[in-house]
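This document starts with one chain, in the form predicted alone, laid out as structure tokens.
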Amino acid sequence: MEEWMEKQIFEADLPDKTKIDLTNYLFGKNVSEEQFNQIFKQVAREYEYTRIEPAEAVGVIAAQSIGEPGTQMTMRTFHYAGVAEINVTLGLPRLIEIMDARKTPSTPTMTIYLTTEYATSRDRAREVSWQIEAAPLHEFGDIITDMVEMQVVVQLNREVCDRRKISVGDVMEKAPKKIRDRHHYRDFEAEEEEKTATLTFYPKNRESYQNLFQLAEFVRNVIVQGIDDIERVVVRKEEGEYILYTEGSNLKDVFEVAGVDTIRTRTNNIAEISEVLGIEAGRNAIIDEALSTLREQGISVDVRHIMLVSDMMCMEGEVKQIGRHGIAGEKESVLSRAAFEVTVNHLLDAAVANEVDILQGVTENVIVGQPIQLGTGDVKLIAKPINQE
């Protein structure tokens, strides 16, 4: 590709990605000056077509472009990756969940990719899954509630501990600490005996059976290996590598596990992505999740409508919902807020605060019955020409 061609492309008023794509397309091809000019003009023309007209109501168009296909969507939960235990919310409920910026989705799930040395071996992938999947104490041995001695005795199985790559000492150390820290329950004492792999718990009040049974429940279910929020991990082989699918989500803790590929690993919890990786990652997650939800239903929506919505949701540095507790409830215009939800409250609050509505948006102008400030309504007539005969 000749230097003058490259120079002309990079000096043109085109998006950077278009310039790079065009350069890559023409690289190594024998293109004459006439052919280049034809291609370049066509690209420039297509770019002009993609741009919106000044004063175009982009918000309304984005709303109807997403809203209308939304009426075709189903409401269902999907059994993920062919495994009955892991469900994922799809369709309309998932789209509503994304737009509402819910703190936790109804079915949080993660897709965990592994680094090269772990992704090719099932055993090594299983080792990583043990570091992630929450394993309660009762999976590591037998738990007996001794009502005569008023104690809970845990007899650990060394073979299970060895297989799951965790030492008996670690289990004994973690169990009492986790009950105190995670469950905030401190009415007990614990004795460890590593030689016999026995862990004994005593309630502080030795007279109460209720305390004993409550302690036994905490002991049975205390998580001693893995991440508390991740209830189940399924290992599947796809396209020559092992991938972990989880029920539950905890991006921050999963990133700290050895063998996890942090670049490709993802969660469907947008708030968590925004918190751990920043608002730009949150914005991309909204676009990605909304597009994949629509595509899964066979619906095609131009990405720019969804990008506009996600930009609005994230423009203040945190993920805000579209509804009355987010963008719609924070509009400048009183009538626009009142037209959305809880009309009386908005009007009362505005009257008390002596607010003024300058009638600039679409909604408020429609309410008062005057032309909206878009299209022909955007043009103001300054002076009428004198009719000269």
Partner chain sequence: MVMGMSTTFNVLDHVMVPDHQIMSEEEVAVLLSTYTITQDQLPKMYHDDPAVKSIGANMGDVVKITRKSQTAGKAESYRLVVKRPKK
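Positions refer to the first chain, counted from 1. For clarity, a rigid core is taken as the largest C-alpha set superposing within 1.5 Å between two forms. In this text, all values refer to a predicted model and were calculated from it rather than measured experimentally.
The same protein also exists as the form predicted in complex with the partner chain; that form is not shown, yet it is the one meant from here on.
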Candidate stretches 278-286, 118-126, 223-231, 155-163, one within 4.5 Å of the partner chain in the model of the complex by heavy atom: 278-286
Residue 236 within 4.5 Å of the partner chain in the model of the complex, heavy atoms: no
is_contact(residue 317, the partner chain) in the model of the complex, heavy atom dist at most 4.5 Å: yes
is_contact(residue 179, the partner chain) in the model of the complex, heavy atom dist at most 4.5 Å: no
Residue 265 within 4.5 Å of the partner chain in the model of the complex, heavy atoms: yes
Among the candidates 307, 96, 143, 299, the residue which, in the model of the complex, approaches the partner chain to within 4.5 Å (heavy atoms): 307
Of 73, 175, 212, 273, the one that lies within 4.5 Å of the partner chain in the model of the complex (heavy atoms): 273
Interface residues of 237-257 toward the partner chain, as seen in the model of the complex [heavy atoms, 4.5 Å]: 252, 255, 256
Displaced residue check between the shown form and the other one: residue 20, CA, 2 Å or over, core reference: yes
